[in-house]
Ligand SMILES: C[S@@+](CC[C@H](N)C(=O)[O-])C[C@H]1O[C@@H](n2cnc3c(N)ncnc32)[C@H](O)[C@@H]1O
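One chain is shown next in structure tokens, namely the form predicted on its own.
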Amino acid sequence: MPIPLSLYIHMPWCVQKCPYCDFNSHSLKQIPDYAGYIDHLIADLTQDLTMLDHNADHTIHSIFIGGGTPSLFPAELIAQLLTRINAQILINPKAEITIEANPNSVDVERFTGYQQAGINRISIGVQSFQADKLVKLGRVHNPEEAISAIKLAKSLNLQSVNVDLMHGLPNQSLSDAMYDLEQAIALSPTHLSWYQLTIEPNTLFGSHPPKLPDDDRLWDIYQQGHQLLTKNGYQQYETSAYAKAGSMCQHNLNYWRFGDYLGIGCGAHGKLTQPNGEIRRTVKTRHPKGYLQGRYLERTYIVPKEELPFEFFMNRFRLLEPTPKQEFIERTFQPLSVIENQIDIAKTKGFLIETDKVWQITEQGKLFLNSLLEIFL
């Protein structure tokens, strides 16, 4: 089967940098040349398309516009961007097309325009519904704006609406965490990304760490939160993702299933399977200054064959669904014999169950995912 192809587009600017954020984002010091950045994205894409196998039929199956804060871009520029992409490479008419947005009033005013531009999935970065927690996280919206943003997005009858929500926040109690989840569930988004705050180096929290809940409280939050989400019709399908029936994020599924993706924009990463079976990674220039001078590709490299099993399973075992053995063969171009010993070790430790056709990660494997992945290093 042909390997699906997605497109990731990175918009690098934010109103201000959140203290926990280690993504490639840059605080606004002045209004950027948004239209000029769109021109550079298209030039970047044109350069990337030369790396595709021109004997194959390439269609974009999903697009994710992330950041930074993509909702800083006016809707008419997003419409222009999608039109110009489609002129370069066909976008499947049924493609899932996501834009990330902050729930402050300025960004929310653009939601209808994004839908008219072709966006059919909006991902709203809420993080918490409690004002004091939002202040600690450096967010520029309040709980009321978050609620209004979700309601508006839902009224547009999009394919899906995602809410990003954090747990394990500074000084967060179990009841605080459940309150946030209950607020989100009451608004009934089709998808919830519910993930634990982690302290990353090279962030403000990294140099000035806040007091976070201890491991026992984190476990209680996860267990009770998981039960609450499941009871309300949200199925966990990935480590930090829950969805109502039919609303799993197709773009992220392609990442986790080791599909291919083009990555354009500041700091974007790409993965492209070459005609000879090699896997090429691309990394784009991180800083807008260099990118806007036309220096797009920072580096590109072929993943060594011996590293492919780890890369495959690092992605694949984030998903809770069974992993088809045939998929390993098709995506890594390697026989099952190269991982036979590692699979046996993982089974012995209780991390995996194996059948003739699939591997299934166990509850033990979920809990000790890093230990499972280390077997394939």
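Counting begins at 1, following the sequence as shown. For clarity, every value in this text was computed on a predicted model and none was experimentally measured.
Unshown form predicted in complex with the ligand; subsequent notes refer to it.
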query	finding
Answer option from 100, 145, 238, 260, heavy atom within 4.5 Å of the ligand in the predicted bound form	100
Contact residue in the predicted bound form, chosen from 158, 108, 197, 82 - any heavy atom within 4.5 Å of the ligand	197
Site check 23, 69 and 166: each within 4.5 Å of the ligand in the predicted bound form by heavy atom	yes
4.5 Å heavy atom contact, residue 172 and the ligand in the predicted bound form	no
Contact flag, residue 133 vs the ligand in the predicted bound form, heavy atom cut 4.5 Å	no
Heavy atom of residue 191 within 4.5 Å of the ligand in the predicted bound form	no
Contact flag, residue 139 vs the ligand in the predicted bound form, heavy atom cut 4.5 Å	yes
Among 292 to 300, 247 to 255, 84 to 92, 119 to 127, the region lying within 4.5 Å of the ligand in the predicted bound form by heavy atom distance	119 to 127
Partner contacts for 320 to 335, taking the ligand in the predicted bound form and a 4.5 Å heavy atom cut-off	none
